[in-house]
Ligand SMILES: Cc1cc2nc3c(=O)[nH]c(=O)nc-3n(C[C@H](O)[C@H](O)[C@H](O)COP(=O)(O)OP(=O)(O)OC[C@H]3O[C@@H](n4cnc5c(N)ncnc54)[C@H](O)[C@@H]3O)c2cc1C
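The chain below stands alone, shown as structure tokens; this is the form predicted alone.
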Amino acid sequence: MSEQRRIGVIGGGITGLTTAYRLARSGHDVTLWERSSYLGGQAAAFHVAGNALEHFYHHLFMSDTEIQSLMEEIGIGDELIWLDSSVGFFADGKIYPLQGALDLLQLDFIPLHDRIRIGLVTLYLQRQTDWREFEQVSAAEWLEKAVGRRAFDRVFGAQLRAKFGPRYDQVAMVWFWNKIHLRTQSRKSPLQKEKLGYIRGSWNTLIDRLGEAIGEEGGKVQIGTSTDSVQQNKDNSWTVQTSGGDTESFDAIVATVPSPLMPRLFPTLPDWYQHKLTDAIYQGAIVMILRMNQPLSNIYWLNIGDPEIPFTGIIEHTNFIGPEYFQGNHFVYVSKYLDQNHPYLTMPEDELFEEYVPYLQRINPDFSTDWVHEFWVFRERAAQPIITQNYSNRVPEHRTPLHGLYLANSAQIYPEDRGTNYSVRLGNKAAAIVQNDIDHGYLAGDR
């Protein structure tokens, strides 16, 4: 084991927690600060109906091995369960099941030869393993050429527009390829149903256990504490002042905050690196969670292909984890990704609910507001970066130009899309980079 160093971790999401755990387990004196009143970031859950429910929906694919390994390591591997999923597509006032390849043939809102073409393209993408061929072309351009204008507009294009709005044509094909390729990993064959993973008791089971494990390894976790000032000293150590009034020195800092926040926290970062940070375009996200006395549909994950409906998707949690886990209640996420200036990010919750009601009635004409007993709205302005063409050239380095300062955030997850598995992988990688620099005597405390 190398000599102990003092390391600060800014941010208590899954990446920050994993980083802090790894470094504390390696024998270092670690302090993690999280400005919110809870840990877990976008994976956090709140208590409701005798259980807990994530602010933003979550599940795992079978290929998500990093998070599975971490759960086994910290003693909660048995809490991961694998369940049948159900996927659908809403278009022309109808829900179409999309459980497997054969369901594509039932999409009768487009001609049969378009459906066959979509199926063949999907099969081709599932079998491709080299993502680099998809990095230099937009998803809109590649897909329209592959399936034709009509099929693109009604299916793939509809999904891209629902998720990315006016920037739908800026998204690189590598992002779309990953979505198709990843889902393949949760089926043993194209004809089998997809299985997805969930953690008993919600993602809080993992989050809480990681917080405990950091403490067991001698680390400190400070919730509700922000880093008001982070200054680099002449010897390249770091002095941190927190909102709790503490002032401490550290040999290294790992920041897990969104890229646009980095120049504010560290204004002495050189211009070229700041440009990489501010070049990332982040989407916001908003979910409304409905507690209902009956289901909206029989589908877990419903993609929206109607351009008039202002949702990206409807995720009916209790069609995945049954209502028996929630005292018989049904929980539905109404999800939307949006631009930073979209009015939904600031609209009062009651107004947003009234805005959504007519569209929920399109999904299910029998839907009534009487079905809804309670609802919550969760918003995130920096939910995820938009993956544009040649994105690999613009990913900011983990080792920043400031000695002893490291970055680990979702803008560095590539070519995969963000997700808790890749947040764990990112935390593992950040901790390994810091440890490598300690082993080679690169940090302030090594001199």
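Quick note: we count residues from 1 along the sequence shown, nothing fancier. Only a predicted model underlies this, so the values are computations on that prediction, with no experimental measurement involved.
One more form of this protein exists, namely the form predicted in complex with this ligand; it is left out here, but the text below deals with it.
- Stretch-level contact check against this ligand in the model of the complex with heavy atoms at 4.5 Å: of 130 to 138, 255 to 263, 289 to 297, 106 to 114, the positive one is 255 to 263.
- Within this chain, I438 is remote from the site of this ligand in the model of the complex, having no heavy atom within 4.5 Å.
- When this ligand is considered in the model of the complex, T65 lies well away from it, no heavy atom lying within 4.5 Å.
- Although the partner is absent here, W33 lies within 4.5 Å of this ligand in the model of the complex, judged by heavy atoms.
- Taking the partner from the other structure, this ligand in the model of the complex has a heavy atom within 4.5 Å of a heavy atom of Y57.
- Not one of Q4, S237 and L407 comes within 4.5 Å of this ligand in the model of the complex, counting any heavy atom.
- Among the residues R418, H403, R394, H398, the one placing a heavy atom within 4.5 Å of this ligand in the model of the complex is R418.
- This chain is drawn without this ligand; in the model of the complex, the residue among Q42, Q389, Q412, S26 with a heavy atom within 4.5 Å of it is Q42.
- In the model of the complex, I10, G11, G12, G13, I14, T15, G16, W33, E34, R35, S36, G40 are the residues of 10 to 40 with at least one heavy atom within 4.5 Å of this ligand, listed from first to last.
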